[in-house]
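This document starts with one chain, in the form predicted on its own, laid out as structure tokens.
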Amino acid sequence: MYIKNIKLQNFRNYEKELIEFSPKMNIIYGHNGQGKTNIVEAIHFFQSGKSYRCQKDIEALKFGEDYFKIEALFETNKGKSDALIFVNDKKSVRVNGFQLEKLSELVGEYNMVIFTPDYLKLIKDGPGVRRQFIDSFISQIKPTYFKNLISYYRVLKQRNNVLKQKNMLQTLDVWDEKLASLGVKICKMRKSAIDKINETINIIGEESSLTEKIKLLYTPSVKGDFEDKENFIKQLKSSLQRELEKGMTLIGPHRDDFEIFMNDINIKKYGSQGQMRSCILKLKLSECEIIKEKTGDTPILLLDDILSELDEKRRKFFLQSIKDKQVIITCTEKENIDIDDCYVFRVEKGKVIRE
């Protein structure tokens, strides 16, 4: 799969721009603040219909305008596919001319893997970042997971309202049943995904110098058999008093986490910056391989200003590993990468010039 072109109108600092991409390597360079990352953000919008950089779509609107529009043409294993996202006071998403009723319908349509310097937060920050990673990953290969996740958080919100207001407590049995039914499905799929990553991640780089053994350990909030609905419900009931005191649900997938080990050492506690980068590189490449295996389509790889973060050994390994994918790279200096069909773009003040 690859993106053939993208049209931007009133998006960030772009008034109107059309960019035609190579199906292989694309290098977008320029000084900071010129609009390089905005291109990556616009492409990534088609993964889930949302920005990875801001909470509200309106934040991506060009100053002084009242709408923005992004159009893209993709080539998938099913043929050409066009998509449009239009945002003003509301958001409209179309795929091949058909209006989508829900954003969940877009998930899994155009698969991408994104890597930014912020992804070290996957190791360094709290559980929420890791849950977001695993949820995004599974949603691309199993759209039903994303629907279950949305339903779970709706039920969680209702249950939390009951706990906060301390009324309608007689309805808790109903919410417990619904939360547990959805929760066990989510836990099971998360465990399966992490097992698959563990199978894949150490195959990547076997023939390189990056031979550190990496393992992810799933740590669900539900203790014991997290696939047993009755066990889930039992733990909800046993924690009810604490939940009433705090006004929130303390058990469930919304409190899950996973740990990352390199050579049997917890990398968050003891890993160096270089080891963390190696780990994230291999994690992202394994994500690409699994998506390709499960969907039959190679995902687009979006790399926002990360090559400068890598030492020569990791850089060489990474570039060697991505030759079979469409890659969009942003950087501040023009990169000389020896790959066929490489397009180079210079970005300056919201204008994109192909060199």
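Note that the coordinates shown come from a computational prediction; the quantities given were computed from them, not determined experimentally. Each residue number is its position in the shown sequence, starting from 1.
What follows is about the form predicted together with a small molecule, which we do not show.
Of the residues A60, L319, L301, I306, just one reaches the small molecule in the model of the complex with a heavy atom at 4.5 Å or closer; this is A60. Partner contact region in the model of the complex: 24-32, out of 306-314, 292-300, 24-32, 320-328, criterion any non-hydrogen atom within 4.5 Å of the small molecule. Using a 4.5 Å cutoff between non-hydrogen atoms, T37 counts as a contact of the small molecule in the model of the complex. Using a 4.5 angstroms threshold between heavy atoms, R53 counts as touching the small molecule in the model of the complex. None of the heavy atoms of Q9 is located within 4.5 Å of the small molecule in the model of the complex.
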